[in-house]
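Okay, so here's just one chain, in structure tokens, the form predicted on its own.
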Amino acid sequence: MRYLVAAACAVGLAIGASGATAPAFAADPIVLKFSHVVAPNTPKGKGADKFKELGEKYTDGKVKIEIYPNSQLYKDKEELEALQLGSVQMLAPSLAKFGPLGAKEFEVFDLPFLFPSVAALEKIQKGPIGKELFKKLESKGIEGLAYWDNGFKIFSGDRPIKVPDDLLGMKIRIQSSKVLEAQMKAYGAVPQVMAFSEVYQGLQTGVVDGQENTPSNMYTQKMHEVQKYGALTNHGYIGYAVIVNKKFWDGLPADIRGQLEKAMAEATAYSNGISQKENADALEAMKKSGKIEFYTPTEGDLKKWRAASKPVWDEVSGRIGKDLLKKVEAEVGAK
């Protein structure tokens, strides 16, 4: 077997008359490494497995897809660099990852209480704005293929959380994002950037007091076993972008690339279709465990959360792009 990676000279690729890279040995299967940081039994994990199944089927075995979940290959901070170097061909990082990479516009997805529904999100991701954002990645050597949904975030902590003031002084784990840092500071919390794979231990040992995540991520990582309280705020969104090394992707034969695009489209529909159910099932399982107590905010509570969040929009609008934020607000009907 051989691996198609970014550096053509290192992996036995032939250069065709057109200048595009092409496989040197047609009989050898193309190996595509797909790495991600979450468990296999999450919506993203199941989506990755579905892509493997369909991709290998549609290419008649000409492509071998290897799935590496749970940060088996790379930690959060390492995976994008690995993709750019060609050490891995495909990733599905959270949208928050692209800000530190230089594509700060993606941080619009981190804004609290911006998206009122999954339908509003899809309107952005499937429309011109979503395509425009993917274009921002091309100069980084990255091709954006699809947006995968993971749902809305809830809080958990070692003490009850009902309104923003309850987070005062709490060390809350976040992904690396200037927007999420501003959000936690607006709530009076102390933001702590930590790799996803380290959150359970961080909560267990008290390095952090709480975190924000989707129910499916919390449940599959067993965070509910080391947190006493949760709040069903649905305050923010976690989504992923399935991305691929651009040189690798462009170097595939057109027919193979088309078959993988078809597999990705179907895997995307599958993954996004199960996201809401997976989160609902995970929340129910955590409730039944008896290890964590969840609070459902009242409308009065939510007004306090929204009021505390609005200054974050104002603070980071310049970083994200005021015009982009206005376009997103107009599309989703945010206030």
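The first residue of the sequence shown is number 1, and the count goes up from there. Only a predicted model underlies this, so the values are computations on that prediction, with no experimental measurement involved.
In what follows, reference is made to the form predicted in complex with a small molecule, a form of this protein that is not presented.
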In the model of the complex, the residue from 183, 89, 217, 156 with a non-hydrogen atom within 4.5 Å of the small molecule is 217
In this chain shown alone, the residue from 238, 137, 73, 80 with a heavy atom within 4.5 Å of the small molecule in the model of the complex is 238
So in the model of the complex, does residue 245 come within 4.5 Å of the small molecule, heavy atom to heavy atom? no
Even though the partner isn't displayed, in the model of the complex is residue 37 close enough to the small molecule, meaning a heavy atom within 4.5 Å? yes
* Asked: Is there a heavy atom of residue 104 lying 4.5 Å or less from a heavy atom of the small molecule in the model of the complex?
  -> no
TODO: Would you please decide whether residue 187 lies within 4.5 angstroms of the small molecule in the model of the complex, comparing each non-hydrogen atom pair?
DONE: no
Which of 169-177, 202-210, 125-133, 111-119 lies within 4.5 Å of the small molecule in the model of the complex, heavy atoms considered? The stretch 169-177
